[in-house]
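The chain below stands alone and is given as C-alpha cells, in the form predicted alone.
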C-alpha cells in the first residue's frame, strides 16, 4: 500500500503540472490530454458482490480514458484517496459501510451510489423524498421513466460540452433498468432530471465551496449520476450511421454525459474569489468604462425615491453613463444600453411585460417581477414572494442571507453561510428559478427561496424562454439600498459586474 501511495502522489503531481500549463480558458473543463495519467480511486462492492454488476467494465473504461485505476472495497480507509485526482463510488459499495468517510475529502467525488448521497451531504436523508432508487421489481411502472431524462440545464460546462438540449434523451438502452435520483440542495446544479422534475435529478453537481444539502460545504467537486449496479454497458451512445443523424446524436448521449461529468469532476475548479470590496470596485470601474445603464424607476414614488437616487449616483461614480426612465416609459428606452436595472419601486402593473425579451442584460431589484421577467413560475408565494411585508407575508422581516454559491464571482468572495445583508430587518424578495440559474444566496432557513441568482445568456428560463442576455435578481426593496452593509454593497457590485460581462 505504501508503494501504491507513492505512485499515486507521483501521478497526481505529474497531472497537476500538466494542468498548470493549461491556458485559463480550460480552467473549468480540462482537455482529456491533461487528465491522462491521473489516478482514480474506484470504490466498489468487491469481488464478493452478490449481484451482477458492471464494475469491471467501468474500471476498463476509466483506463481507456487514460486514468490510472486503483480499486478498493467499501471498507477501505479514506486515506487511500490521498493523492488521488478523483474518487468514483459504485452503487455496489455498501452505503452503510461507506458512511460519510469521503464527505470531507478535498478530492472530487463522482458517485452513482444513491443510498450514500445523504452521507456525502448531496441530498437530504429522507428516502423517496430526498433520494430514491427505482428498480423494475419494486417500481415497475416508474422504471420505464428512467429510460428517459430531460435536459434541465443548458449553460453549465457539462451541458455545453455534451450539447444538452431542453428535451428528452435516452439514458439507457433496452428494457427498464435500475436508476437513482436525488434532490440536491440550493448550492447544487441539476444537469438532467427524470420526468422534467428538478427535484428528481438524474445528474447533478456541486462546485467546490458550494453549500451542500445538509449545510456543509463541498471541499471539492461532487457529481451524482443515475446509474445502477449493472447499467453501465446500457448507457446510450450513437455509432455508425446513427452518429451522422443530429437527432440521434442528441438522443443517445448517456455515455457522453457520463464521460463529460467525469471529466468535469476531475478538472481543476476555477479559483475562488476573495472578499476585497476595493478590488471589486476597481474591476467594476474598469468594466463600466464606456458602458450605459438604463435605470427604470417609479418617478412619483415616495418610499424608495431617495434610495433610487443613491443607486444612480453610485453607478455614475463607477463610470457608468446612467439614464433614468419611468416605469411607464416604452421598452424602446433600452436601445443602445448595456444594462437595464429595474428598481424595487416599480409596479408590476405599470411595468407590465417590458424588458423581458430585450437582448440587453437585466437586473431586477423587485422579486415580484419574477413571473413577468421569466425568472420563475407564476404562482405567487410558491414560485416567488417576499418576507416581511405587512398583510402580504406570513414570514418575518429579514436582513440576513445564506450564501450557497460562494464559488461564483457574484458572491463577491463572501464565505458560505449567513451574511448580514442589510443593517435592519426589512422586506426581502425571493424566487425559485429554473436549474439553469446560478444561485448565490437564499433566505435563511428557506433553501428553496433564492434571493440572489443569475441566468447566463442562453439559459432556459421559466416557460421555455431562452435568456437573450444575462439576467439577475437582487432583493432590494424600496429603501433597502441605503441600509446595505459592506457585505451587501459588495454583493450589489459583484452582481452588476457579472451582469455587464466582467
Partner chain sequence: MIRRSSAARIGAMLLVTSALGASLAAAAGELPYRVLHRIPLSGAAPVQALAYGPGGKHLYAAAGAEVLSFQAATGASEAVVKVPGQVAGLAASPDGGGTLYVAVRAPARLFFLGLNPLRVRSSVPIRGGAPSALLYEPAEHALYVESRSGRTVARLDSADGKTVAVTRLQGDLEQMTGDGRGTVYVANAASDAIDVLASGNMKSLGAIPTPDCRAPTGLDLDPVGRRLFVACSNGTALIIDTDMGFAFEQLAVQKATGLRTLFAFHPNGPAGWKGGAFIAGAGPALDAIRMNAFISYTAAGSMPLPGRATALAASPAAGQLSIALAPRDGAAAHAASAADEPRQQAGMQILVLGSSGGAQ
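Numbering follows the first chain given and starts at 1. What you see is a predicted model; the values in this text were computed from it and never measured.
This protein has a second form, the form predicted in complex with the partner chain, left out of what is shown; the following refers to that one.
- Among the residues 427, 213, 322, 252, the one placing a heavy atom within 4.5 Å of the partner chain in the predicted complex is 252.
- With the partner removed from view, the residue among 141, 302, 241, 246 that has a non-hydrogen atom within 4.5 Å of the partner chain in the predicted complex turns out to be 241.
- Interface membership of residue 232, defined by any non-hydrogen atom within 4.5 Å of the partner chain in the predicted complex, is confirmed.
- Contact between residue 174 and the partner chain in the predicted complex is found at the 4.5 Å heavy atom cutoff.
- Taking non-hydrogen atoms only, residue 352 never approaches the partner chain to within 4.5 angstroms in the predicted complex.
- Put simply, residue 237 is close to the partner chain in the predicted complex: some heavy atom of it is within 4.5 Å.
- Residues with any non-hydrogen atom within 4.5 angstroms of the partner chain in the predicted complex fall in just one of 174-182, 261-269, 124-132, 218-226: 174-182.
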